[in-house]
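A lone chain, given as structure tokens: the form predicted alone.
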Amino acid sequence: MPADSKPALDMFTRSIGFTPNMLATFAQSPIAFNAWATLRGALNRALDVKTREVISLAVSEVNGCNYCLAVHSLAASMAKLPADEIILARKGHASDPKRDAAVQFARKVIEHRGQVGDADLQAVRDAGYTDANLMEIVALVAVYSLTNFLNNVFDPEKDYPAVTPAGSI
């Protein structure tokens, strides 16, 4: 692992107790890893943890990233989301109306590559989100897609419990 990636990687390792294979793979490029770690760290202050996790699950499901689905299913359960809520999130919904608007918007952003309509923007605004929040949702879609794409390209060995595809649940 390049030395330039070590400080950021050590921070993640300390927070979860081991170095996930995805992070070790990503850290082979200090430039890419540090850019991701900086963006991810900033976005950890966006919205609330449950909303971030339902967005991560919806995006990872659309992108077909089994690694991230496993990681974020575990993270969502640690954030006190029940199993049925995790499945709902993977299908692009949430039982909480405000969170549902955010995850539906995020799913539209990823499915339509950002080509959302005025009605889509209004729906999430009507749920109580500001334009700053909308930008944060789009940024979360981007950062989760980055890790999805990395995992889909390099296919690191899975070190989290596998989850069943949402289509077969």
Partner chain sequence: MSRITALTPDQVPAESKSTLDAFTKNIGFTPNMMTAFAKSPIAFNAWATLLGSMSKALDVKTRDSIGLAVSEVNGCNYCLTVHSFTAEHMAKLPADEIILARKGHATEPKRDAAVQFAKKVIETRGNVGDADLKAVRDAGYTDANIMEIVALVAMYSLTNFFNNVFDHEKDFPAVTPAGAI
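Keep in mind it's a predicted model, so treat the numbers as computed, not measured. Positions refer to the first chain, counted from 1.
From this point on, the text means the form predicted in complex with the partner chain, which you will not see here.
For the chain shown alone, Gln104 is not a contact residue for the partner chain in the model of the complex, no non-hydrogen atom being within 4.5 angstroms. The partner chain is not drawn, but in the model of the complex it has no heavy atom within 4.5 Å of Gly128. Proximity of Leu69 to the partner chain in the model of the complex: non-hydrogen atoms within 4.5 Å are absent; the residue sits far from the partner. Not displayed here, the partner chain is kept clear of Glu53 by more than 4.5 Å at the level of heavy atoms in the model of the complex. With respect to the partner chain in the model of the complex, the three residues Val109, Met135 and Ala139 uniformly fall within 4.5 angstroms at the level of their nearest heavy atom.
Although the partner chain is not shown here, in the model of the complex the stretch 58-96 places heavy atoms of Val62, Asn63, Gly64 within 4.5 Å of it, in sequence order.
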